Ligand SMILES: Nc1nc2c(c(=O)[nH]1)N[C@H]1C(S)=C(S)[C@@H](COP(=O)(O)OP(=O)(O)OC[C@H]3O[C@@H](n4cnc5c(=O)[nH]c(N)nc54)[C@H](O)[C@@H]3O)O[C@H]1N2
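Here we start with a single chain on its own, the form predicted on its own, put down as structure tokens.
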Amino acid sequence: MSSERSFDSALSLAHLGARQDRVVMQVVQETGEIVETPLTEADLALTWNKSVCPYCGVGCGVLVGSKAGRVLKVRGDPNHPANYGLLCGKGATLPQMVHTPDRLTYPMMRVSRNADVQRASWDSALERIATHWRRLIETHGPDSVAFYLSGQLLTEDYYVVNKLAKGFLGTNNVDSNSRLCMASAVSGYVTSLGADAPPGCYADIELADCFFLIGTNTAACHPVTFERIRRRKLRAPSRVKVIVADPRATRTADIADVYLPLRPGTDVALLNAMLHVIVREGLLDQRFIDQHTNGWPQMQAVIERHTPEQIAPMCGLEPSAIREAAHLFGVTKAAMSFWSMGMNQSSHGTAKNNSLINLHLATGQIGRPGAGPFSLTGQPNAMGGRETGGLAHLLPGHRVVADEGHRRAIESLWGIPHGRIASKPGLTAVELFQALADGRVKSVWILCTNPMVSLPHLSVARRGLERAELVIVNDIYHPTETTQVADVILPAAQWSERDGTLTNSERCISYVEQAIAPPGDALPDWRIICRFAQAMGFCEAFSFRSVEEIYEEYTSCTSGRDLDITGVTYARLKRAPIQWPCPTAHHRSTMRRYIDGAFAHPDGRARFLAHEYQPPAEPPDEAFPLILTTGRVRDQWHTMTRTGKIPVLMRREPEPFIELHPDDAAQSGVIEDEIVRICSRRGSAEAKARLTTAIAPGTCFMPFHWGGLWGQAVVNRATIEAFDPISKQPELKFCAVRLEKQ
């Protein structure tokens, strides 16, 4: 099924005025209440441009109101299919993070690690990097340098970095903080379905009769998507069912018909037990299994052993709850599952993703309206980054560096000799910082991310950046925890100050317009990389005059691929966002994939992939008896470099906390609001205790947003580096800790 969504062209002042009844601010409040604010006369005096919120992967369309070079207002775009005008509290406060006192407006360098940073020119900064990298590559080889990217970059930024590193510098050491976010979902989609792509779309929410939310606090992390789910439930409360599986009883669980407070890390066991019930109750879609899948006999052999009675104690659940959840999923006409970091950030993240997709394949709940597995992305362009090859094992167009045919295709497109692209995948996020720490990688260029807060086991990351010969950081603010240890700091243009494209969680590409000029000497990331490439001698290949030229070269890399967007031009995107694939100028958005039952594996069949439950890498023991799980709060985002500047968001959640069950607190003599410390084998973090029965005994929770600039509440000092062997995504949701009083 395909459909071109309605998405108006650029809104003039007259157009805004004519549609004043529709163009209102709709903000989801903490209570779930929707607050609407109509346009004022002052609003009509602003210049309005279309953009996309730069926070989570929902990809909400926004209208940006500016005047005299300043962003003054933002409103949800009523015609964007991700949100239809709705914004969360973070999106509604976007103007407040644009013009700030700590904004980077010129390059800065320090002559030595102990020296203060000083203002520098673009030429001197880029020449310093180029001189140093030439020497490193000549002396130690191309893998002595690396790039660490971010899902906040635009697609065009990602593309030029990958082209430079993999095609011209000769290193595949290009990875992204998306490795910490969506890598397990990617490997799950690829191994189960054959390609990296959610099969459905947001429009399926209004058609689904059952929602299974597992490993996601959607109400806090993806509020607009949660609001659409909540509204669907409210419209038909007796027909629409909601299942929520989460160790914490969050606001997401408030709308659940069945809440499963499963023990952290036991997702595979739960999902296998649910599939066991579906088989026992005769709820399989055997016709779909026979015609469109492989591996069912092997799957049956595993799930026969996973009865609810056997699995429930392991998961901390009642067998009856598992049976009820499985029954609701199995009998529904259209079931959607949503998941996020609770599934992905695991040493068995790929297995968890496979096991959830198994439920959809067994019941035929995929490739049709209102049904399908749908991963919720943590960053606005994590998917666009993967499309361009923005992970260490990828090349543009969903190609992999290990495939000779894929390498040759890209070498031809880039006009470089065959054999130039290395066949060995580069270092992934955790591996990269380990390699910096042990001296294998000598220099790293970090773009648009703050790894000194977000990486696990931060002491390794710190050692790596301190040992590196040259640390380069593109950012929009200084200081951050990462710019503090950088040798060269480059000012980047940010949201509203440059144009380009991004792809949200439903494969939907949106064009974002530039509303204002970047301040001072700040430049878009793609221009910074192109100027550096020219300083390295690659002038012709990086002589792009506009972001649209980059986009057109990138789209040529997708021709004939599963994500073919050769039919998606800037002209079309300025009229409407488009879901890929879209291979011709006359092709319309592809809202759903696999509608004909043909999957992306060579034989056209999806695969059942059976997994036995495996315990997390570091189970609790007598010395470290508690499970630590980490996550987010509703009104902060990532490492708070943006949201931490906004007073209204800080008032809602002013300080970090450690969430404890009262029984665990009592054993240590801890009382509410007392400063306590959690300690692991790697490090510790401190915050006020928050006692609640919403978390099970034996488990504690701490948000990861607060970094070293905010004090000692840096939870990733304690987390573990263990990662999934396939996705290489680290286990940020589980490690063993003990509780200590101050």
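The first residue of the sequence shown is number 1, and the count goes up from there. Quick caveat, the model's predicted, so the values are computed rather than measured.
The form predicted together with the named molecule is left out here; the points below concern that form.
- Residue heavy atoms within 4.5 Å of the named molecule in the model of the complex occur in exactly one stretch of 431-439, 468-476, 329-337, 552-560, and that stretch is 468-476.
- The candidate spot formed by 245, 492 and 642 lies fully in contact with the named molecule in the model of the complex, as each residue has a heavy atom within 4.5 Å of it.
- Proximity to the named molecule in the model of the complex, taken as a non-hydrogen atom within 4.5 angstroms, holds for one residue of 232, 638, 306, 607, which is 638.
- Scanning 155, 250, 589, 144 against the named molecule in the model of the complex with a 4.5 Å heavy atom cut-off leaves one residue, 250.
- Heavy atoms of residue 506 never reach within 4.5 Å of the named molecule in the model of the complex, leaving it off the interface.
- At least one heavy atom of residue 719 is located within 4.5 Å of the named molecule in the model of the complex.
- Contact annotation: residue 349 falls outside 4.5 Å of the named molecule in the model of the complex, judged by heavy atom distances.
- Mapping the unseen interface onto this chain, residue 704 counts among the residues with a heavy atom inside 4.5 Å of the named molecule in the model of the complex.
- Contacts of stretch 320-342 with the named molecule in the model of the complex, defined by any heavy atom lying within 4.5 Å, are made by 340, 341, 342, listed in sequence order.
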